[in-house]
Structure formats: structure tokens, C-alpha cells
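Okay, here we've got a single chain as C-alpha cells, the form predicted on its own, with questions on binding and movement later.
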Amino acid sequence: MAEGWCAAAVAGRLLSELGARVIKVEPPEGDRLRRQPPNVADGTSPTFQNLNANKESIVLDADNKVLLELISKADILLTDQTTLDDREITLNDDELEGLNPRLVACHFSPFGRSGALAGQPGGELIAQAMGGVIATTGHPGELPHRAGPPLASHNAALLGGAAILSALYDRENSGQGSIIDMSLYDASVSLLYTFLPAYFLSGNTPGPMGNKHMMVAPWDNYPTKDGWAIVCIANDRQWQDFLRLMGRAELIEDSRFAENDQRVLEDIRPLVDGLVVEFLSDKTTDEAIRLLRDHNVPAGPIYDVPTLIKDPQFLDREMVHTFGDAIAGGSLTAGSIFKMSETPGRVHSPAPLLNQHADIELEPPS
């Protein structure tokens, strides 16, 4: 039970790539994403197509008998609090256990099922704001802003998927299902794991740093002759490789730069960044990145979406999938992120038509 672009719907897409049979329960008028612009010629929304590839569709009946029957036979139930509230559907834990003791039910919500804000409405932007993410974005002295992608929802989906797989593994021994409480708020907080240690140690509040890293230097976007290059030097060995590439090997022993703990200091970081800027100043982005990578220095360009989808790495990793003939109007969707030797992720069918699988038959849970 998950409408729109929400964590539960994303989790369903991810589990489907790993081989799960995912049945989407929709209202009679269909998921609202089916009507979200931009629409293609037949009225189908590419947003819906992308999120619901691999899934099947049935329509919710007036008395919820179809939903309850599905729950009684399913291995996993994914629910979204906002969807259940909108549809005035109540599914309590005792009822679920009575229907199916082996059921693994993962409930996604803005704030979780416990705590002062349990059951309150919310969403992606609020989760990023209250979970501490927004306060770390932007550049110093500027208004913080949300992260572009829906980080809270997608992180909750990934964490929920991990919890589901753990619960299924436990069920093999216990024979008992599980109730999983997964919130966008918690998923946002978990993204601060790299910020919290410094606060616990010093009390310094993590704030906007642009593309810098509070614990590592150099780490930022730097100007080139024709654009920008991201340079992320994660350890002292990579820093030494960079100094040799610049022809400044004598700085390897310089006490100001020798160790990362010194390079991140407020009065030293500008000097470190200045060395990178000076090195890149007479090079194009392509030249700079090629040279840096050849010398074991992590670097990359800043891509927009049109550039990304033409990138050889993107294509080699099969991160886009076409159903049918693209020239004849076949639909596109994101490829699977799961690269595995034995059970790789698979995108095998386009998003379903509304109620396309009304006559499905299910076996009892395994």
C-alpha cells in the first residue's frame, strides 16, 4: 500500500529487481503518479513507469477483501503511512499476525511509530530539515537548502530493504514474521554519521561547507580552464601522489601539509586548496581529470543529466533499460543497481496497466 513517490514504493521497486514478485494495490482511479506530468502520447507518466517497472497491479475493492487476502498469502507487506491515512485503512499488528504469522511487514512513515511525533504527517523536505541534513547543505553564509535527490525517502527504502532481508533470514529459523518500523526521520539522521563524531568530540556544530569535507582536505570542486573538477584526496598517500604529480615533492615533509589532520585546519586548508587551484589553472577539465586519475588521485567532472546518460561508465553499468524499440517509442527506466555474480538485479517488465493483474493467484507464504 504505497502511492506516489515514497519510500515504500521505492523499496518495492528495489526488491523486485532482486526477484521478489511485487503486487501494487491501487485505488480505483489508479496511483496519482499515473497522471503526473510530463506524460507521453498515451497519457502514461514516465515517473510512474520508472518507479513501478517489474510490478503487478490490482485495484483496491470497497471492503478491502482483496488487500486482506493478499496479506494472508504474502511474504512481505510494504505500507506508507500517508497512503493508509488517505485511504482510511487501519492495519494493526495483531490483525496482521492473525492473518499471517509469517508476514514481514515494513511500515514506512515520516517519524516512525514511536516518539513524540509518531503518526504525524510529514514528507521528504521535513525529514531532511528535522533530520539535520538541510543544515549541512549550501555554502557558508548562505541559506541552507535541501539536497536535490529525495535522500530521506531513498535511504529509508534501502534501509527498509536491508531490514526486510534480515527479517526473512531470521524467519527461516524462527518461523515467525516481523514488524519493521522505518521512518524518513531516522533515515535522514543516519546520513549524519560522518558529522556526528566531530560534534560528540568537540561540540562543533556541522554547518554548510559547500562541497568541502569537514574531516578531509583537499576535497572540493576546483576551477579548471573551461569548467570545474571535483578532487577528493582521501588519505596522505593520495596527497603525496598529488604533490609528486605537481612537481612539489618537497612539500611531502612540510609539517603544514604532511598529515590530513593539519591540512583540515582553518588556517592551512586555504593553502592546500590554493595548491590544487594553481595546478588546474592551465588545464581543461578533461585534461585535469585524466592526469589526476593516471596518478592515483580521485577526481571527476560535474555532470548534468543529459551528460550523465551519455557517459561510458553509465552505459557500461547498464544504468538505463529500454522496453521494446526505443526508436519506435519504447519506454525507458532506470537499470538495476544490484551487480551480483549469482543473483544480479533484473529489470524484466514495464510498469503495469491499472488492474492488469486482477486475476492473479497467490500461494501461501513460503
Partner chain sequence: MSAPLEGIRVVELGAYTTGPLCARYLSNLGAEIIKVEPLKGESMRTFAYKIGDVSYIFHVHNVNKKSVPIDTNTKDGKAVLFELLRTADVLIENFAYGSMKKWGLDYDTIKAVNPALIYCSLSGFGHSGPDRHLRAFDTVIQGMAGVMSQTGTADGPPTKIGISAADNMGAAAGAMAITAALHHKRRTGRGQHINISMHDIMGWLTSECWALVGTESGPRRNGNQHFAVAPQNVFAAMDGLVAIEIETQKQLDSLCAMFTIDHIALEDSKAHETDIESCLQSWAAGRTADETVAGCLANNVPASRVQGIDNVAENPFSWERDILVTLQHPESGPVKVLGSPFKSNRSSGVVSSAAPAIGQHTKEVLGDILGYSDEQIEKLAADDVIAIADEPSSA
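Residue numbers count along the first chain shown, from 1. It should be emphasised that the depicted structure is a prediction, and the values quoted were computed from it without experimental measurement.
The form predicted together with the partner chain exists for this protein as well; it is not shown, and the discussion that follows is about that form.
Proximity of T47, P312 and K339 to the partner chain in the predicted bound form is complete: all three residues have a non-hydrogen atom within 4.5 angstroms.
In the predicted bound form, none of the heavy atoms of T79 sits within 4.5 Å of a heavy atom of the partner chain. Contact between G300 and the partner chain in the predicted bound form is found at the 4.5 Å heavy atom cutoff.
Shown alone here, V59 lies farther than 4.5 Å from the partner chain in the predicted bound form, counting heavy atoms only.
Although the partner is absent here, W219 sits close enough that one of its heavy atoms falls within 4.5 Å of the partner chain in the predicted bound form. Only one of L91, I71, L275, I126 comes within 4.5 Å of the partner chain in the predicted bound form through a heavy atom, and that residue is I126. Exactly one listed residue, out of A258, A249, L271, I179, brings a non-hydrogen atom to within 4.5 Å of the partner chain in the predicted bound form: I179. For the stretch 133-155, the set of residues having any non-hydrogen atom within 4.5 angstroms of the partner chain in the predicted bound form comprises V133, I134, A135, T136, T137, G138, H139, L143, P144, H145, R146, A147, G148, P149, P150, L151, H154, N155, in sequence order.
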